[in-house]
Structure formats: structure tokens, C-alpha cells
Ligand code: P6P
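Just one chain follows, in the form predicted alone, and it is written as C-alpha cells.
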């Protein structure tokens, strides 16, 4: 007997009935996203056997070295998005410019995607992921898509991340709760495994690349000092958990509490992570689960864009830790 028998598609249809503001066409978009995720998951499992590991000798739009799986995943998501007939434009970490997909009246969405987050983990069989933000295109032609995104005229209506690890997990929000599904490879279906996810109010873990500690603002350093010093209220120190894949670290934070931080440093004074297709979708998910997401002074959802590859600092997770982080920066 299958313990969790509700498929992602069935769950979406139920949500559409219960949430009148959700457009029904989102179910079709999600179907294409899940198909792309299944293909990427399959390729991940056999990458070492078919020569798909390693670099391709190029860099993406933001200067990161591209892996073979970066290119593969990007092509898979492009094909899935194009086939849906509902997507007007696509922004990807792997492409310098927005790609116009369709100018038909049915194409009411813009998709922003990091198709293969944490690709440096792929060669060592570590967790990787995909991050997807789905934005609602306002009325108007395709010539305005980029300005619609950067001006805030195209609101985010759904956010997704997929984690490819020991199991493949698909987590989404459409603004009415957060739900997680695990891929049953035998059935070829994502089945409900994490119903109505709520982030703990505080946790015992933090995720950050501590190799850059000396390059961070002294107030950021002070925050980590506060985390790792026992107090009368907290006998044990926080434990460091950092995988190098944002999706994997945020997934742990979402389920077990704590905080994920990528602060600015001397080389990246604005931060290093991309706002449109990394930080904004994951922040939407975390906030829908009862958490907080900030760049240190401003909610991620309130930040403005100067370009489709806008960079930002970020701290997201349980309310207790995020509020402490903001308090340390304000002192």
C-alpha cells in the first residue's frame, strides 16, 4: 500500500478548487516543470556513466564556470517551458538575456529559473537542485517583459524548488501554504510527503560559507559569535550545516529551523546570489511557511531590481534567528 497516494497533479487540482485566486493554467505549467525535474533527476543518477560530469569551459551570465549538467538542465527547462504554450518569457542563470517564448494571449507567465543550483556538488555526488519563480505577465506585448519584471509589475504567483539528493523532492507554494512531494521512481509520480510545511520558530543549525568569515562586516561576524556562544537560555551551540547548494541548505532550514545566510563580502558588496531566480522564489516559500527572509535591512520581497541578474545578500529561515541577525546589523 502506498502511504502517500496524493499526486502533485491531484493536489494542485484540489488547491485550485479551494483557492479561487489561483489561475487554473498553473496546473499545466507545473506539469511541465515536474516533467523537466524528472528528466534532470534521471540524468543526475547516470551522469557519471554517460560522461555528463565536469566543466564545459565556459561561464554563465554571472561569471560562474558552467558544468555539463548546467547546460543540460537549462535545455531541459527551456524545452518544457516552450512546450507549455503558456510562457511568454524565460530568464535563466545560464542565459545573458531574457528569451521571448510566446506573444499569444494564452502566454500569461514569465519563468525565472536557476536550472541546476549547486552544480559544483554534482561531481562528488552531492545534493543539487533547481529553483523556479513563476511571475504573472501583465497585459501588454512581449517587448515589455523585462521591464515588467524589473519594475515589479509582474508579481510572483508561484515558487518551486526541486532537490536532487537521496530522493528527488519537489516543494512549491502558490501563496497558500507550502507543500512537498517526493518522486516515486517506480510510479514516475511526485507523491505528497510534506503536507503544509511550517518552519520551526527557531532552530539549532546555521548554513553559511564560513571560509569567508574574515571578509564579512564585523556586525555579521558578531552575529555568528552570538550564535555559537551558549547562553542561560540555550545550553548548546548552533551547529554548522553547509552543503554548497542553496536548495539543499534551505530545505534543511525549512524543515528543521535555523538560518541560511549569504552576506555581502569585500568582493561582492551587494551580495553574490541572484535575486530574481534564486533569492526571491526561495524567500517566497520560506515566508509562506512562517519564516522570514531579508537582505539584512529589507525584506527580500520588497527589494527592487536593476536587471534580470540583480545580486543581493540574503538571510532566511526561522523568525528567531533572522530577527537576531537584523538586530546585530542594526546595533
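The shown structure was predicted, so the numbers you read here are calculated from the model rather than taken from an experiment. Residue numbers count along the first chain shown, from 1.
Note that the form predicted together with the ligand isn't included here; everything after this is about it.
Just one of 223, 260, 181, 77 comes within 4.5 Å of the ligand in the model of the complex, counting any heavy atom, and that one is 260.
Put simply, of 157, 90, 245, 71 only one has a heavy atom within 4.5 Å of the ligand in the model of the complex, and it is 245. Stretch-level contact analysis of 23-31, 284-292, 300-308, 269-277 against the ligand in the model of the complex, using heavy atoms and a 4.5 Å limit, identifies 269-277. Under a 4.5 angstroms non-hydrogen atom cutoff, the ligand in the model of the complex lacks residue 203 among its neighbouring residues. Residue contact check for residue 151: none of its heavy atoms lie within 4.5 Å of the ligand in the model of the complex.
In the model of the complex, the ligand stays beyond 4.5 Å of every heavy atom belonging to residue 165. Among residues of the shown chain, residue 209 is one whose heavy atoms approach the ligand to within 4.5 Å in the model of the complex.
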